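One chain follows as structure tokens, the form predicted on its own.
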Amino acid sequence: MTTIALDCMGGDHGPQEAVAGAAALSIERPDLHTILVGDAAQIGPLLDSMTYDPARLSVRHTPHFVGPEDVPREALAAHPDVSIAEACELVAEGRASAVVTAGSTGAAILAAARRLGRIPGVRRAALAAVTPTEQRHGPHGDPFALLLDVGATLNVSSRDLVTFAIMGSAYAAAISGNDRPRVALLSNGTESHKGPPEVVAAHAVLAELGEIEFAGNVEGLDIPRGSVDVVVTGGFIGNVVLKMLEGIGEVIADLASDAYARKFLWRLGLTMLSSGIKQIEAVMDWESYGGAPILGFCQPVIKAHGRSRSGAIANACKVAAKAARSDMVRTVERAVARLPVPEEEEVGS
């Protein structure tokens, strides 16, 4: 049985949706155990109103959590036992194998860094995101690719980008079952000399690195097309790209809804296209993916969307269990250990 530490307090909907997701999961997946981390005074009554398997759920009480208006560093300093920190502590103690949270990304990164530690050789964490694609990937035909970093590390070095590529490849292989996912750097051209200095330098290293299936550079238009499985970039650009893709999806949905309301012929046309529209909506539905990883730590940390409802929370826990059961972290450790030592580190040693 795989045990997941679920931070119940950090999401936009409070513990209600997290507890509901865990309750449903306890019945659906008897191979999983979930520890609900948060205020027992709120979690208990919620459980009393739900159907669940008590053998698959337990509670770790803490009254403190990082709210959406809190500054993560200040919140953790004021209350070291906030729910995300306690969830990480459960994994550090060996009582759980992975962390899931819909709360503050910054708090999750800080708590994981303090309680779990980074993989040796990994200097910066990377927040990944799942993006819908036209092409399907892996043996299961997954209609998405992994984009990282999307906000954890704004200023990156070439070494960081190389490490992100290794981590993204290992995660994609573990979750999608694709032994050799195709990995590319995001740049303003496919040529190896295109892009800022850190991208050009990372390209030179990855081209000689046998650890991953490096596909070179891709441009922004290649992300929705799905020409590769993993797209690597710095956190600033990655966050801008992610928000743009999310915005496009919302605009398409709004335009379709507006068109349906305006004219009969448009309603008729949209009705005829309904099956195709439903397919698009299914691909764009982030709740079906559950969550994406914060990579770089010694144990899996899965970040669910802040707006996650119970179904998305349950799916995030499934992803966390899959990551925990894989050899993902050890794969990253081995690959990073074989990277050439940067000159600045050699001088300082």
Partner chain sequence: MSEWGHVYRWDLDKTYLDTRFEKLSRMVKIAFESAEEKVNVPGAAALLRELSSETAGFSPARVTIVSGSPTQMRKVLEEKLALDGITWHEFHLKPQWKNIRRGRFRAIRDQVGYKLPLLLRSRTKISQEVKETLFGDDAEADAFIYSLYADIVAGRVDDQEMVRVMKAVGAYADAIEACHRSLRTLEFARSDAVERVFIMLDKSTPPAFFGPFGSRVVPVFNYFQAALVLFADGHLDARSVITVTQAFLEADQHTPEELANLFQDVVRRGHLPAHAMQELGMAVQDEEDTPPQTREVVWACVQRFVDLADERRYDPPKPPEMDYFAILEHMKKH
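Positions refer to the first chain, counted from 1. Here the structure is a predicted model, which is why all the values come from computation and not from measurement.
Not on display, but discussed next: the form predicted in complex with the partner chain.
Interface residue remark: G44 is counted as part of the site for the partner chain in the model of the complex, having a heavy atom within 4.5 Å. Within 4.5 Å of some heavy atom of the partner chain in the model of the complex lies at least one heavy atom of R60. Although the partner is absent here, D48 lies within 4.5 Å of the partner chain in the model of the complex, judged by heavy atoms.
Residue contact with the partner chain in the model of the complex: R95 places a heavy atom within 4.5 Å of it. Look at 34-42, 291-299, 312-320, 66-74: in the model of the complex, residues with non-hydrogen atoms within 4.5 angstroms of the partner chain sit in 34-42.
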